[in-house]
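Single chain ahead, by itself, as structure tokens, in the form predicted alone.
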């Protein structure tokens, strides 16, 4: 299949591009490189452009005879979305509609969307299934939910086949350490902890140890980036016209902040000093996925389940690329 991967120079997108190419698909990456990395894209596969450029999008889809689009391009920092909501609505919502309208104009109907657990807000029960009410508590989560609702309407009205894949905590790196996680600023726990092991930070800060969990720190479901890529491919292959797939992607196993730090200490052999601080506003105590729907309907199983196996791939990447793609 000929696939346009929007945001394919980013973290999850680049790993999905790699898998698609390995499976024999013809892949093109559309990215403005504002957050992505040219170095993560295979040679000759990158088309630089903005999502608001509908004419360029239509030209690319026609010239490359695109049959499906995967959409990873979004701003994804919760705090930033609270401070700058206009930026998030412009980039995550309005620009996405430009992409959808470009697809509609040229007759491309397959669409796989990178969504998020943030659409659920602060659920009262665990694990989180697709039936859990979606009540986002920040602009980032709401922008993703707006697009999800629009995709369902596009499927019903225009014949699109869409998949909205709600990630839990994306983590890890390619098994051969050729590509990995490189954000500026970095906001994900595992790479921040590993930066301490690399001597790039003096310590890791733990925000709250008084949560109602076994060790008092927040629990999250860490899903390996290659497992996310596999799920995207499976969803793409399942799409049918007028169809809507909405699925959680996680392992179903939660790990606390303390457990992640201990795993990093074990894998790196570094003591990784930790400093206890107060809670951050809006941090739920526990977020764990029920991904049985994806496992059942996509015949998908996460390969990386233990936190140590996830950290090991991340550590190999950060060791070989201590400054990310600029190393």
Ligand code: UFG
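Remember, it's a predicted structure, so these values are computed and weren't measured experimentally. Numbering follows the first chain given and starts at 1.
The form predicted in complex with this ligand is left out here; the points below concern that form.
Check 112, 166 and 295: does every one of them have a heavy atom within 4.5 Å of this ligand in the model of the complex?
-> Zero of three within 4.5 Å in the model of the complex.
May I ask you to state whether residue 280 is within 4.5 Å of this ligand in the model of the complex, using heavy atom distances?
-> Residue 280: yes, in contact with this ligand in the model of the complex.
Going by a heavy atom distance of 4.5 Å, is residue 118 a contact of this ligand in the model of the complex?
-> Yes, contact at 4.5 Å.
Closest heavy atom of residue 177 to this ligand in the model of the complex, within 4.5 Å or not?
-> It does not: once this ligand is placed as it appears in the model of the complex, residue 177 has no heavy atom within 4.5 Å of it.
With a 4.5 Å heavy atom cut-off, would you call residue 234 a contact of this ligand in the model of the complex?
-> Close contact is absent here: in the model of the complex, residue 234 is far from this ligand, nothing within 4.5 Å, heavy atoms only.
Check each of 204, 253, 145, 244 and return the one that places a heavy atom within 4.5 angstroms of this ligand in the model of the complex.
-> Going through each option in turn, the one that passes is 204.
Answer with one of 239, 93, 192, 150: the residue that has a non-hydrogen atom within 4.5 Å of this ligand in the model of the complex.
-> Filtering the options by heavy-atom distance leaves 192.
So which of 100 to 108, 127 to 135, 212 to 220, 154 to 162 is the stretch with heavy atoms within 4.5 Å of this ligand in the model of the complex?
-> Going by heavy atoms within 4.5 Å, the stretch is 212 to 220.
Any residue of 55 to 77 that, in the model of the complex, places a heavy atom within 4.5 Å of this ligand = Sequence-ordered list has one entry, 76.
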